[in-house]
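What follows is a single chain, given as structure tokens, in the form predicted alone.
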């Protein structure tokens, strides 16, 4: 396996301009297994210049038809599938995801490329009848150079869900992976290169926060995509405002609520499994993780019993161990943050049903957190109000649907919510009342690809996935012709 990784700028692999390299740590062992070149502001400027140059009329990228762009993205998807084993193995090492979760995200990356590749030749303009002796038509053009600042929790998924529509629409891209995880993104960039992407069209530069600041402040950038914290999102918006740069989408986190209103305790297997699954999948490191559970009072104690039983069946450990369903957190810093929230929950008086610290029998190394369930919570607690981003959930009893909806909406985030019920009227009425961008009924699905995904309130703006996403990477130009 490659243990030394470089920046990808203008179709060439190169060291960072100041020669800095940083170690890449396996979160399951806390040992460095590779190193990666670290980009500087100078490298960011080189990447933006390359991306801008690739857009010049008469250049190779500008000469590609929409059909060719779409077929190219499909060819990259095929290469991804051919290299699933290698990408997944690197993913497990760098991120700690169990193999089935890693390979699932690799497939998601391929699906985004296929989906938006299929849209490339379906973007159309229009003609407008303004009367005799006039002709008016509207062109749909690419924005130009787009900057993509990606997170560490779903690096391939989120990379492809923005880069794919950007390239399909004819833009060029500069991508900054999260500092915590960049190798698997660079490995993906090598497949774009192998498929024959022209130089400068896609550039990938690992680096720290200062690199993102330079990229979002540059006037050559004509579109920004950001996934990360609210605090950093505000800085991105401020930088974009100075140059009036379009912000295509921002996903800034969530604190998803699940409302459990099934008929009786016999129907609790679904929501209890959903609660355990929310902690196991990506170790709870998901913006859409259902971390607040509002349960009808007569179902409350049976639900807690069922969830505790499910949690006991989750195996925590390194991705290399068979049967692991919950891997380590991504970094020491994040591990300490999640553990501090668990201590806060105990101090706030929440009742600990399961977990509450480091799992037994895993030694002292690795950023492992036992799946943790808090009961007897209320909306005034920090563990209920703030995004923990780990395998921790809070359970709150409620008396009726109105109370549940009000409490679910009583949060600064508004990314996603969920309702569990066998009553179709209840399902649709509650869905319309939840102040979020995404609602699931009786299970979690429909994230990405064909459907729009994004939040409201402090969860961000814009939508990714579906036809609306690729349109956001285009601009309209009106052309009027005097025919007299």
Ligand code: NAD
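This one's a predicted model, so the numbers in the text were calculated from it and none came from an experiment. Residue numbers count along the first chain shown, from 1.
Absent from the display: the form predicted together with the named molecule. The rest refers to it.
Exactly one of the stretches 116 to 124, 175 to 183, 362 to 370, 296 to 304 approaches the named molecule in the model of the complex with heavy atoms within 4.5 Å, and it is 175 to 183. Taking the partner from elsewhere, residue 257 is found to have every heavy atom lying beyond 4.5 Å of the named molecule in the model of the complex. Among heavy atoms of residue 149, some come within 4.5 Å of the named molecule in the model of the complex. Interface residue remark: residue 108 is not counted as part of the site for the named molecule in the model of the complex, having no heavy atom within 4.5 Å. Although the partner is absent here, residue 333 lies within 4.5 Å of the named molecule in the model of the complex, judged by heavy atoms.
Though the named molecule is absent from this view, in the model of the complex it lies within 4.5 Å of a heavy atom of just one residue from 75, 229, 344, 83, which is 229. This chain is drawn without the named molecule; in the model of the complex, the residue among 249, 101, 153, 171 with a heavy atom within 4.5 Å of it is 153. Using a 4.5 Å cut-off on any heavy atom, the residues of 387 to 406 that reach the named molecule in the model of the complex are, in sequence order, 387, 389.
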